[in-house]
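We begin with a single chain expressed as structure tokens, specifically the form predicted alone.
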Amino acid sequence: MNNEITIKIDGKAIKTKPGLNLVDVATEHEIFIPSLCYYKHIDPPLGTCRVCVCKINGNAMPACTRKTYDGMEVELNSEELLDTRKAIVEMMFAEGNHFCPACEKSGDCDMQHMGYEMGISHTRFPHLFKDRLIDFTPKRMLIEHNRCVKCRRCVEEVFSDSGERVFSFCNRGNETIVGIDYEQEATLSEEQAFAAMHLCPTGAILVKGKSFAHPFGDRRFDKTSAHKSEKSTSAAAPLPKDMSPKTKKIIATTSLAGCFGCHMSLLDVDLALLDIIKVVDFNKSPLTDIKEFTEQCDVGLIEGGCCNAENIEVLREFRKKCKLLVSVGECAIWGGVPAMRNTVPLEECLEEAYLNSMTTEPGENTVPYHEDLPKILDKVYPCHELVKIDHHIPGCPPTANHIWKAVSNLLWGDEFSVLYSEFKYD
């Protein structure tokens, strides 16, 4: 008996069978539907993350919970749906403390991967920086509640040999957290603990003393996009050989609350810098040691967030003096590693740094104060929360190629493809 049916995804007719999961059918036909909670063998599907939201016969719903039927029409990549899915992932980043450059699962993280696939360079929502506990009590694992997206995978999949759940949801609503049964966790083998760590789509479940020991370039999501047309095996694409003839432009750069790594990356173009300086003049910049603006600049590149009053003053000056302002790197875009202090009150930070710390000068445990010292802010702020930012280049640091492709596009309208392997958060 022929039970073949026809469904449509964004107008494309697909022959399949009834009763199959829509995400699986799409994947088989090389159509990418993002998800953070879907696991093929969990039935019924969890449907918790809503990252796979689409419209089925005109109604918005998660694709992972829908079975195929004849005449099903799926709208997947409309402008509205793309923005909705992007906003959902952005909210997850903003709600948790996801410090990708310092996370053990960076490069193997499903949520990070979704950000790459959706082209998320920054979040439209302010980061909450809640101070959540890290649970070190379990025998073999630790639970990093800052990274948990409450997908429910661990609750439904991790059991002890006696058949008892190891994880469970505790509390309700916005206060929900994943709890762990310490007695049941202690009975897990090392292999079972590792399986739980890999099951988690973020770095919320970690095995003590172990890590995802893969070098850059060999991690799961370093090189290959889920979009079949965007595969890349190259770590970087070369900049064009010929940078001329072009109208000469003026660039300014600065480093605020950051490590200067983005400026170092900027110089990694090596000998191509000789071609770049033929078409670009650097004005106020650490690269030229010019301290004051001498003219209006076409593009300003900002590295680092704002942690003190001087940072804000410099940022506002760049906004006035630059036609286009670009946040470069994670610190400028959302605070980055310096923003790890945002979960702790400023008073406690100062006490820990100056009053409770060791010193080589006996009796010098004092918080420094002088009218010439910039006033420290209550937290580290991303640049776009203080001034208008026109463009964001993520990375810690972004590669030289990524930076110069973006700058060349802004200055002269040059068209470059930023490779999947270049668009990273770490």
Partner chain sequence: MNRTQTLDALWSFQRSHGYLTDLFVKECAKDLGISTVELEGVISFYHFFRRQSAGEFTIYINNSIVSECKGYRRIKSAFERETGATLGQVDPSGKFGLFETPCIGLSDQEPAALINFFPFTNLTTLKVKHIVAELKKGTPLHTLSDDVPDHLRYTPPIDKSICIREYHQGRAVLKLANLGDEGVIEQVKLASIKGMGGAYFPTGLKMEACRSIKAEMKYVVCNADEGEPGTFKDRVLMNKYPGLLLEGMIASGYAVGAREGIIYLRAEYYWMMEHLRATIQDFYKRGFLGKSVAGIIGFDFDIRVQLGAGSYVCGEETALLNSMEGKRGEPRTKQFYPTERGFLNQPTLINNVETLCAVGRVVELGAQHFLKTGTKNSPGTKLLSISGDCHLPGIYEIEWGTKISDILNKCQADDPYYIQISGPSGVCLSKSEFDRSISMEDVKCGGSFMIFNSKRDILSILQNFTAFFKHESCGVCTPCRAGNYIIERKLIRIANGLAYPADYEEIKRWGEIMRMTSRCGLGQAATNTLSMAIDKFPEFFAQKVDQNGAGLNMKFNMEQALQPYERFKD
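Remember, it's a predicted structure, so these values are computed and weren't measured experimentally. Residue numbers count along the first chain shown, from 1.
What follows is about the form predicted in complex with the partner chain, which we do not show.
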Quiz item: Counting only non-hydrogen atoms and a 4.5 angstroms cut-off, does residue 167 reach the partner chain in the predicted complex?
Solution: yes
Exercise. Find out whether any non-hydrogen atom of residue 215 is located within 4.5 angstroms of the partner chain in the predicted complex, and reply yes or no.
Key: no
Quiz prompt | the partner chain contact at residue 125 in the predicted complex, heavy atom, 4.5 Å | solution = yes
Quiz item: Is there a heavy atom of residue 56 lying 4.5 Å or less from a heavy atom of the partner chain in the predicted complex?
Solution: no
Practice problem: Have a look at 190, 295, 161, 80 for me and say which one sits with a heavy atom within 4.5 Å of the partner chain in the predicted complex. | Solution: 80
Exercise. Would you kindly say which of 268, 275, 351, 135 lies with a heavy atom within 4.5 Å of the partner chain in the predicted complex?
Key: 351
Self-check item: Contact test, all of 25, 30 and 70, partner the partner chain in the predicted complex, heavy atom 4.5 Å
Solution: no
Quiz item: Where, among 280 to 288, 117 to 125, 190 to 198, 104 to 112, do residues come within 4.5 Å of the partner chain in the predicted complex by heavy atom distance?
Solution: 117 to 125
Quiz item: Out of 248 to 266, which residues reach within 4.5 Å of the partner chain in the predicted complex, heavy atoms considered?
Solution: none
